[in-house]
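A single chain comes next, written as structure tokens; it is the form predicted on its own.
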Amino acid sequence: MPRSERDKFQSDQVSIAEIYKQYFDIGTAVSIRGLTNETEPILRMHFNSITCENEMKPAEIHPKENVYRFERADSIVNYAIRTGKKIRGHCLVWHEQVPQWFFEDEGKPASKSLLLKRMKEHITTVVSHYKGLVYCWDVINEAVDDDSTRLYRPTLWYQIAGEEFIEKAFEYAHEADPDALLFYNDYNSERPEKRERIYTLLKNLKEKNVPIHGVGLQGHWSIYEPSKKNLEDAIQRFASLGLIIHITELDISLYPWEKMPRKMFPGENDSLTAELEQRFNEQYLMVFEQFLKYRDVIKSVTFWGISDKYSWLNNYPVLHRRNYPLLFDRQMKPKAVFYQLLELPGRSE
């Protein structure tokens, strides 16, 4: 974008959420720290939807069987209400950040009936607490395994309760708030092989009339993937089930996808080069072009953070490695691609 145009956007204080509001919401994940640090003015200005990064997860909100801690999540929800932002609930059932007590009974594994009873109590309490405030929930997070030989991830939820825990979670959430939109949320859902297994899970739920309304594509992507074809195929595949699509945790890493911790390679943490920045810009533009193309089914795009300074991808999965996956840099300045995204809707009409 020419500097004169960039200066115009800066001086006019154009909000990216305002630019896209006729197409879909533009949201971000927020921690309690983000309400008071230097990202707060950006949050207030540029996003119209908020997701709690961690504060609504089971370990945070329900650490002991008869103890609920709503204070931190409430602070974020109250901020959203004061500033006129929508609230996505994240997440009710996950195999990580969940207390071990859910799965135990006096030192032995909990029975299926006990685990489902605890899950119902948890979902009912949390969803009821935010009824009328949280408009949608990521009910189940990451239940499909990365191993292509299995459909379901062999978590304690699955080992004890089988696939029924997924169906019951949606039923319990719907009972607690019949007006809330309910989502299944997962990563790598654009890779054809995992896409098809997620599709199988969602199709099974639909055929059983389980109250599911949408699928969350996490969008933890990189400059290497997804390809335009794989992203478009995934959107079309999930939309064919009649599901709403939300992009729930968007960031674009400079590094290929990895999950296992390892040591940093020599030179791996070098500065952001012009070539990498160009690939980064092109990937963001490509995915937003697809979001706009399928705006009839994509209703929300949520970034997993605001500034590179606080991204979860710093140190993950490589300790001490910096990453640059978001629209605002470590100095809280918008990147070049931010301005390109502001112009994109006009070019896409």
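Keep in mind that this is a model prediction, so the values were computed, not measured. Residue numbers run from 1 along the displayed sequence.
Note that the form predicted together with a small molecule isn't included here; everything after this is about it.
Peer 1: Look up in the predicted bound form whether residue 312 has a non-hydrogen atom within 4.5 angstroms of the small molecule, and give yes or no.
Peer 2: Although the small molecule is absent here, residue 312 would touch it in the predicted bound form, with heavy atoms inside 4.5 Å.
Peer 1: Using heavy atoms and a 4.5 Å limit, would one call residue 97 a contact residue for the small molecule in the predicted bound form?
Peer 2: The answer is yes: residue 97 has a heavy atom within 4.5 Å of the small molecule.
Peer 1: In the predicted bound form, does residue 197 come within 4.5 Å of the small molecule, counting heavy atoms only?
Peer 2: No, residue 197 is distant from the partner.
Peer 1: Is there a heavy atom of residue 90 no more than 4.5 Å from a heavy atom of the small molecule in the predicted bound form?
Peer 2: Answer yes; at least one heavy atom of residue 90 falls within 4.5 Å of the small molecule in the predicted bound form.
Peer 1: Using a 4.5 Å heavy atom cut-off, which of 138-146, 165-173, 227-235, 111-119 contacts the small molecule in the predicted bound form?
Peer 2: Selected range: 138-146.
Peer 1: Among the candidate residues 304, 324, 288, 280, which is the single one with a non-hydrogen atom no more than 4.5 Å from the small molecule in the predicted bound form?
Peer 2: None of the others qualify; the residue that does is 304.
Peer 1: Using a 4.5 Å heavy atom cut-off, which residue among 72, 153, 191, 220 comes into contact with the small molecule in the predicted bound form?
Peer 2: Looking at the other structure, the residue within range turns out to be 220.
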